[in-house]
Structure formats: C-alpha cells, structure tokens
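First comes one chain, alone, set out as structure tokens in the form predicted alone.
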C-alpha cells in the first residue's frame, strides 16, 4: 500500500481513483493468466500447474525489491507504509483455515472476485461463503476465549513488526534471503510440474 497521499501530494479522491484503476488492472491480468478458473488454481495442490506459486513469488520479490530500493534511496519512508499487525498463533490458525478453504473451493479471495466478475457460479458461492465467514468471525468476538486468543502476545511477536526488525538484521539481507528462496521455489516448481504432469492418452 504505497502512501501516495503522503509522498506525491495527491489528495484522497485521486488516491482512490488510482487504487480503483490498479485494482481493475490487477483483476484483468489475473483473469488473463487464467487465475479466475478454480480448475487451474486447484492444479497447484496436485503439483501439476505451479503458475500460482511462480506468479505470487514474482510479485513478492518485485514489490520487496522496489520497497527496499526506494527506502535505501530515501524516496520512501517505510514507517509510513501500512503493515498488518502481527499476531503469531492467531495468524497461523487463520492461515490454516484460509488454506483449507482455498483447497475446498479452489479460490483465494482475490481470484474469487475475478471469477465473480466473469460470472462463474462457483466463484460467486465462494465469495458468499467468505462473507458469511467474515460475519461469523466478527460475531465470534462475543466469546471471550476467542477474543483473547485473537489478541494474544506470543513472545513479543505482535503489533507492527517486520522480519528485519524481528531478526535484528538489515532489510537487504532479508530481501536477498527471500530472493534465494524464490529461486529455489521456481526450480522446485519446475521439477514438480514435470514429475507430476499427467500422462497423455
């Protein structure tokens, strides 16, 4: 979430227009890449089509490199970039729940909305299920145990914290490590696609 209002002097309405245009463009390219199709997304879990992993790793590395470079040159102040607060164990549990939903439904939230835009019934049901889940999650805060678990502090790993801050190293070191992991992920993905590619009739 690049703080255009803070750094480029845009007003809030202009910021919203830019965000809307970027969202439309993002959805368009997701659809063109085939990510609005649950069948293509599901192939990820069978190691037959690793396009999702490749695209997401590429996006992560590109955004990370841009942020580190802009911050290093003094163009971007990282403290003004919004970062979701970290809650370790609640995040792990939430990730497992979302991952299970991804496997069952074949969509993540973004690709489900792309599917809705092209009229896919399964995507519409997926979004409806997600909205119901959000409602139930919000209502679950009426249960004290869930509210306490959501906000629990795990060994100080909570609030606005980044990997460099947590590890006590320079951002460039973490960026390089993620780049190495990405390259290894691409190599593993290529191997998996060849290994698990279905035999042609």
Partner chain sequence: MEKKPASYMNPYVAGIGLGLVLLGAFVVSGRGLGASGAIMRTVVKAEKIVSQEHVDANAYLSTYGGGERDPWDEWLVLETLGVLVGGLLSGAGARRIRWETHHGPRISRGKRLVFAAVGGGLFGYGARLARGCTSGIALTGGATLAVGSWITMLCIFAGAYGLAWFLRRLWI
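This one's a predicted model, so the numbers in the text were calculated from it and none came from an experiment. Numbering follows the first chain given and starts at 1.
Beyond the structure shown, there is the form predicted in complex with its partner chain, which is absent from this document and is the topic of what follows.
Is there any non-hydrogen atom of residue 151 lying within 4.5 Å of its partner chain in the predicted bound form? It does: once its partner chain is placed as it appears in the predicted bound form, residue 151 has a heavy atom within 4.5 Å of it.
Would you please decide whether residue 180 lies within 4.5 angstroms of its partner chain in the predicted bound form, comparing each non-hydrogen atom pair? No, no contact at 4.5 Å.
Even though its partner chain is not shown here, does residue 84 get within 4.5 Å of it in the predicted bound form, heavy atoms only? Residue-level check for residue 84: yes, a contact with its partner chain.
Residue contact check: residue 144 to its partner chain in the predicted bound form, 4.5 Å heavy atom: Heavy-atom contact with its partner chain at 4.5 Å: absent for residue 144.
Judged by heavy atoms and a 4.5 Å cut-off, are 26, 88 and 103 together in contact with its partner chain in the predicted bound form? Yes: each residue has a heavy atom within 4.5 Å of the partner.
Taking only heavy atoms into account, state which residues of 24-39 are within 4.5 Å of its partner chain in the predicted bound form, ordered by sequence. Going through 24-39 in order - heavy atoms within 4.5 Å of its partner chain in the predicted bound form - the hits are 24, 25, 26, 27, 28, 29, 30, 31, 32, 33, 34, 37, 38, 39.
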